[in-house]
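Presented as C-alpha cells, the chain that follows is alone, the form predicted on its own.
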Amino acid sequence: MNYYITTDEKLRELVRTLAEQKWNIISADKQGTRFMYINDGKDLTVDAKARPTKVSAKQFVFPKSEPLFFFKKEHDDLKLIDPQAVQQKTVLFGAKPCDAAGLPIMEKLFNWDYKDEFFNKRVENTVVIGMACDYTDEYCFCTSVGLAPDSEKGSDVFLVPGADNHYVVKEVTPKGAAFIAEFKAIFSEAAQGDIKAVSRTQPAPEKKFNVDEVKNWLDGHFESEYWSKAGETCLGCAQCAFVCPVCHCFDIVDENCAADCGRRVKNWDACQFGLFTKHASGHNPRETQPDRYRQRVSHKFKYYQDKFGETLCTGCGRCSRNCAVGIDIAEIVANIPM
C-alpha cells in the first residue's frame, strides 16, 4: 500500500479538473443532509467531524427508480427497448466508513442468482474516496458490526485528516491506485514521518452488542414475545430503509406513458410497508407491524448472514437518528433477552 499527502485546496483543484473532464462528482451538501452532484471545488465537503448525512449515498449506485426496459406498441407488434448502462466515470468524495462499506455488502445481493448490469457498471465506474471519521453520538455503532472509524472497506482511496487541512492518502485498491496515478499532481508521495496516526477528538463508538450472539438468538426465536414489544411503536413509514446505506428491497412495476408506450421500472420498496408481503389472495405473512419489524431486524442480523456471510448493517445510526418515534435499532438488538 502506497501513501501520499494532499491538502484541502488540492482536493478542490481535483474537483475542478474532474468537472472539466466531465466526471460525475458527488459530495455531501453543506447542510449535512444528503450527497449531491457538484461541479465546483467550492462546493466540496470533506469533514471528518461532521455527523453522517441524513441520507446515505446508495442512490448513486442503486437509484430510487430505474427503468429496466421501455416498450412501444407498433401496429400489432410490441417493441422492447433496452436502456444503456451508465458509462460515465464518477467519484464519491468523503464517504465515511459506514457509507463506503455499504457497496461491497450490497454487491453480494446484486450478483447472487442474477448479475445486475446496471448496479455493477455504476460501481465499476465509481471511485470511492473514503475518509476516517471523527464523529460519535449515541446512535453510532459501527464497532458493533465489525467496522471502525478508520475502516477502509469499500473505499478505493482513503483520507486520514491531519493538521492544517492536510490529509494522509492511502491507496486501497487497484482502482484507487490508477486514480491517484491519473491525477498525480494532486497527490505528493508521503515521507515516512508523514505516515502516522492522527489523534481522534471523539472516542470510537461503544460496542453495544455482539453480532454472533444476536445471530444465534435469532436462529431460535422467530416466535418470541419480544417482537411485540420491539415493534409496537413502529409507524411503518420506512424512512429507516430509505436512509440506510444497505437496505435494497425493490418492487418492479409497469408504467404507461401513453396508450401505446411505457416502461418496466424498479422502484425502492421496504419490508416495513404493509403491502410489501401481501399476496394476491389477500393473505399477508407479515400482517402486523411487529411482524414487519422482526423481518427488518432478522434480515439485517440473520437472513443476510445466512445467505452471504455479511451483516446487513454498517452501524451508521441513520435509521435511529431520524426515526419519527425514536426507535433505536441498536438498543432493540442490544436488549434482546439472551
Partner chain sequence: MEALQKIAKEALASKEAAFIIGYARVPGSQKTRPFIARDEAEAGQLVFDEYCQNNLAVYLTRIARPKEGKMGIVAKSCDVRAIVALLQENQIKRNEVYIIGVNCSGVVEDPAQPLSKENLAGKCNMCQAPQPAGTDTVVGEAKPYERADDKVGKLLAQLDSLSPQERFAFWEAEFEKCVKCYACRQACPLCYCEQCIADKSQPRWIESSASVRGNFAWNMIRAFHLAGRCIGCGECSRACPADIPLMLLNRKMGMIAMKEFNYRHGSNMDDPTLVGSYNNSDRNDFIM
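Numbering follows the first chain given and starts at 1. This one's a predicted model, so the numbers in the text were calculated from it and none came from an experiment.
Quick note: we don't show the form predicted together with the partner chain, though the next part is all about it.
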property: 54, 237 and 243 all contacting the partner chain in the model of the complex, non-hydrogen atom within 4.5 Å; result: yes
property: Residue 273 within 4.5 Å of the partner chain in the model of the complex, heavy atoms; result: yes
property: Proximity of residue 45 to the partner chain in the model of the complex, heavy atoms at 4.5 Å; result: no
property: Residue 233: touches the partner chain in the model of the complex, heavy atom cutoff 4.5 angstroms; result: yes
property: Contact flag, residue 229 vs the partner chain in the model of the complex, heavy atom cut 4.5 Å; result: yes
property: Among 145-153, 98-106, 74-82, 131-139, the region lying within 4.5 Å of the partner chain in the model of the complex by heavy atom distance; result: 131-139
property: Residues in 244-280 with any heavy atom within 4.5 Å of the partner chain in the model of the complex; result: 253, 255, 256, 257, 263, 265, 267, 268, 273, 275
